[in-house]
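A lone chain, given as structure tokens: the form predicted on its own.
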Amino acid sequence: MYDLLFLLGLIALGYISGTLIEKRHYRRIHEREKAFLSLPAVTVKSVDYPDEKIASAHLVTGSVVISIDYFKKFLAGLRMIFGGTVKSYETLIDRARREAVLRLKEDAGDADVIVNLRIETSSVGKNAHKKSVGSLEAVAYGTAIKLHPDA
């Protein structure tokens, strides 16, 4: 009986701590997104600025690796058996992509716009080739453009 209560306690502790960590990360993401609201990152490949108005253009990147906790991985496994939306993986991908874009914007410095934004994701870990997600890597890259002040 004590073993079962201990196991249930560990499961509850894993669920609660994983949820709190995820919520804290989302709060930090929201705060940083507000700070970078004035720096657009767009998917267009070129800009309509004449060459003489562009002061500089350089590659910027942002990458992150985010892990899923064991409780959510267990629930995702059950969801895959019975079918349906795997919300724990959806939030994992959402957090990874948004964090990668924020790190890209931090790398852009004083740029005015980021063009040709691309985001790529991949599974990371020893079971990545077996369709078992433990960690997810997201890489965002683009071209940061700084305009002349008189533009």
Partner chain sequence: MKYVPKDIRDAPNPNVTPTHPLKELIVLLSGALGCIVGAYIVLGFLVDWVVPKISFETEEKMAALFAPLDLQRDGSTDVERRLQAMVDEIQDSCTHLPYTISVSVADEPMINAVALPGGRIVVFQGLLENVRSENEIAFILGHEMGHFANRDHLRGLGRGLVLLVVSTALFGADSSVSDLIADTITITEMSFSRAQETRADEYGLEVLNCSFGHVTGATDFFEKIPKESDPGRFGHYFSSHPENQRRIARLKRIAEEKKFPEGRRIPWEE
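Numbering follows the first chain given and starts at 1. Given the structure is predicted, the values throughout are model-derived calculations rather than measurements.
The protein also exists as the form predicted in complex with its partner chain; that form is not presented, and the subsequent description refers to it.
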Examine R97 and determine whether its closest non-hydrogen atom to its partner chain in the model of the complex is within 4.5 angstroms. yes
Whether S63 contacts its partner chain in the model of the complex should be assessed with a 4.5 Å heavy atom distance threshold; does it? no
Test of understanding: in the model of the complex, would V42 fall inside 4.5 Å of its partner chain by heavy atoms? yes
Please tell me whether any heavy atom belonging to Y141 falls inside 4.5 Å of a heavy atom of its partner chain, as the geometry stands in the model of the complex. no
In the model of the complex, the residue from R118, K34, R27, H58 with a non-hydrogen atom within 4.5 Å of its partner chain is K34
Taking only heavy atoms into account, state which residues of 62-78 are within 4.5 Å of its partner chain in the model of the complex, ordered by sequence. F71, F74, L75, L78
